[in-house]
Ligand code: AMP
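Next comes just one chain, in structure tokens: the form predicted alone.
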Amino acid sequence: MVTCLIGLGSNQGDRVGNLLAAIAALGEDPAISLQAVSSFVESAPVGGPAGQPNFFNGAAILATSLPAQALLTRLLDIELRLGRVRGERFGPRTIDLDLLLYGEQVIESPTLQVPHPRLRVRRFVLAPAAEIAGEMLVPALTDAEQRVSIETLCARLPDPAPSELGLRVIMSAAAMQRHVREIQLSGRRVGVVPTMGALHSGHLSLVQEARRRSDYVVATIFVNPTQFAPHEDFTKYPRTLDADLSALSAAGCQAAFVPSAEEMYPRGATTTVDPPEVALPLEGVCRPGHFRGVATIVLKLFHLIPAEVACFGQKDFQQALVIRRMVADLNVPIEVVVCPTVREADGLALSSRNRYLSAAERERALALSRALRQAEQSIQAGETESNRIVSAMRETLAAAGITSIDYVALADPETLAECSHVEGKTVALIACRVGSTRLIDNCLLDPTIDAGSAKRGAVRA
């Protein structure tokens, strides 16, 4: 068996999906034993036509009994199966598989050169290769040269320009943990933004806040199965990975952790986190077990990404309280920052589930922000009776044709205990269905602040 190093690249279609499909195909080949796969690193295209998308590049170590030319043929067959069309030199491609090293052999033929000519000079080739094959030796091409390791070759290149290497996509839990430790050992402060993907401007505002509070930002994209009940929308929850990665890259996020369910919940895993009491009312009643899944996955992410700061959105108000309480109770050394809800110009709170709404349903959904704004105006006018405020909010929802209401509540913003009178800071919360789509929204109320005051977490259309 010969140990080989393979380079992978894609800048057309679902880029990371293409790389994963190529890796799966390599792993299914009986003549190939896949040993290790790097993270994927974004880079600008080099050469070829202008305007093509950025690449994601990676590397894999494999062992094979195939001769070098036969291995190259297998790689070309995989490219063909995955839709590679060879056109303009250095043009866009769904998948690009290169044989970088074949043991310590030097091969010069009309169809194959090993070591690959670009191995020594392209950081987008060397960076992922060094991650998994730093000690692998590159054979000398002439008698005057010496063998040199991948790691040494990578270190010899000048520091990359800011645009040369972009977002790093990591799928291995162990690699993610190791990467964050390396970042912190270099003296940089790490911020984390946990998400379930289908990103919108609200998520990206969390990335921006994490950038302000740290030197290196990791976003996570994981649709967590344990926080969905069997009748909920886990299977149809929107998954838009390539668009999400492009958005994170444009927002200045440095790394994305995109694990599989098997990576986060290995076979035999049974340990869960029992959430704090603030998880019991409201969502806790409507979605039993939901916050157990949330608390478990967030704590796992905090262990894998032991960041200094984590950013969450106020729209998931109860979730933020659960996480803050869990962090305090379990002495997790991380600062939890809750950022304001981001809204459309007409007041609709941004949500990944908004894409489920038809045009008519979206119009009806505006009643949530109207009801919250009505509650705000009522307390500014001197109303303190919670029942009257809640009743008016329900009437606003009903007038828009929203009748499937899980709750409309005024509660203490720290404990979520419902209050009979608004006497101090209070949170107004709504959960309802518009069509088949479940939406939540909230706003913070304070009767001591005048209507003309500027920043108050208010709902604005």
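Since the model is a prediction, treat every value here as computed from it, not as a measurement. In this text, residue numbers run from 1 along the sequence as written.
There is also a form predicted in complex with the named molecule; it is not shown, and the following applies to it.
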query: Output flag, Gly47, Gly58 and Asp96 jointly within 4.5 Å of the named molecule in the model of the complex, heavy atom basis; finding: no
query: Close approach of Gly197 to the named molecule in the model of the complex, 4.5 Å, heavy atom; finding: yes
query: Close approach of Leu299 to the named molecule in the model of the complex, 4.5 Å, heavy atom; finding: no
query: Touches the named molecule in the model of the complex: Thr384 (any heavy atom, 4.5 Å); finding: no
query: Residue contact check: Pro340 to the named molecule in the model of the complex, 4.5 Å heavy atom; finding: yes
query: In the model of the complex, the residue from His179, His203, Arg168, Arg123 that sits within 4.5 Å of the named molecule by heavy atoms; finding: His203
query: Candidate stretches 279 to 287, 123 to 131, 189 to 197, 70 to 78, one within 4.5 Å of the named molecule in the model of the complex by heavy atom; finding: 189 to 197
